[in-house]
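This document opens with one chain alone, in structure tokens, the form predicted alone.
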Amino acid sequence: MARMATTRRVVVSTIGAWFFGFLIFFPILWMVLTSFKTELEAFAIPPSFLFFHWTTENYATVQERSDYLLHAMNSIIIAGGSTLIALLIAIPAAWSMAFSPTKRTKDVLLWMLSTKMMPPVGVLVPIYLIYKTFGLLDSRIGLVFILCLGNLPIVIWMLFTYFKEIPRDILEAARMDGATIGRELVYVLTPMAIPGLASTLLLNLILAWNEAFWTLNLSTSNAAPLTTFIASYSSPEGLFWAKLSAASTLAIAPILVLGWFSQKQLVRGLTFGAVK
């Protein structure tokens, strides 16, 4: 009886997981299908799921109208650069908070997290004026800087929780062997926290890749990433759903592939230290 109940629970859980997984993935699937339709078929009611006239015209039009490779390169540089700089700042900061805390450490952590609760539009005007004064508008450096600052609290919080799971005795043993702080960070702490570092890097990369508010307001053409590339297909004449879907598919394809191949590492890092 217990075995039957267990088997039934596994079957129900599996069906439920596949059902909710399909619900989450369905918008992406529908977007990909719409990208292969004509504009008339994209608006057709009732909509056609698979049986329609498949065409790649939208992808050709998107490539002719916009330089996809330029926008993709901007996204790679901006997301990758902001992620690497955030990690370089967050690793020593999280180390100091985890292994050399002060009475103000928790207050600082809460303050950093509270900055994420403020809507970005609240500081848009001063940030825009500062960028205009220093010539950082529509520049990769400017976007790397603002995305790094925006995601830095999350990176520090994640690394702080990972570092707290590392036994302090190991670091003390390294210090007794004569390891300096730099060697302790590079040769002892970092290798032990690779799952946490990898998941933090991937999550921050995804957040920077998908950032739309700052990229739309601080870039126009030269440094415009793929989020700006997608928004360009919204015009006063209306939304061109088929072309918009093609542009969106091209924009999410790289990060979707990266997430698919790194999902095990991401899950491993996010659950790092959860099971004792």
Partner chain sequence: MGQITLQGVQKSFGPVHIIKGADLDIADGSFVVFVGPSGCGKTTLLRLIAGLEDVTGGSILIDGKNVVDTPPAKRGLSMVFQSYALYPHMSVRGNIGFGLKMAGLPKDEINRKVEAAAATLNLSPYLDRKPRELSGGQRQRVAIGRAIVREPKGFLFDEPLSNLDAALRVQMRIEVTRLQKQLGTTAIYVTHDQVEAMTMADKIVVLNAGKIEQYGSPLELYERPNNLFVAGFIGSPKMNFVTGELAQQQGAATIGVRPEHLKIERDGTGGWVGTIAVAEHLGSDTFLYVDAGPLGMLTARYVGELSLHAGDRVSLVPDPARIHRFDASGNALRN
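In this text, rigid core is short for the largest set of C-alphas that superpose within 1.5 Å between two forms. Numbering follows the first chain given and starts at 1. Here the structure is a predicted model, which means the values were calculated and not measured.
If you look for the form predicted together with the partner chain, you will not find it shown, but the lines that follow are about it.
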**Contact stretch among 179-187, 151-159, 75-83, 105-113 - heavy atom within 4.5 Å of the partner chain in the predicted bound form** = 179-187
**Prompt:** Of the residues 89, 198, 173, 206, which one places a heavy atom within 4.5 Å of the partner chain in the predicted bound form?
**Reply:** 173
**Message:** By the heavy atom within 4.5 Å rule, which residue out of 119, 191, 135, 126 makes contact with the partner chain in the predicted bound form?
**Reply:** 191
**Item:** residue 165 C-alpha shift between this form and the one not shown of 2 Å or more, rigid core reference
**Value:** no
**Prompt:** Against the rigid core, is the Cα displacement of residue 116 between this form and the one not shown at least 2 Å?
**Reply:** no
**Message:** Quick check: residue 206 between this form and the one not shown - does its CA shift reach 2 Å or more after fitting the rigid core?
**Reply:** no
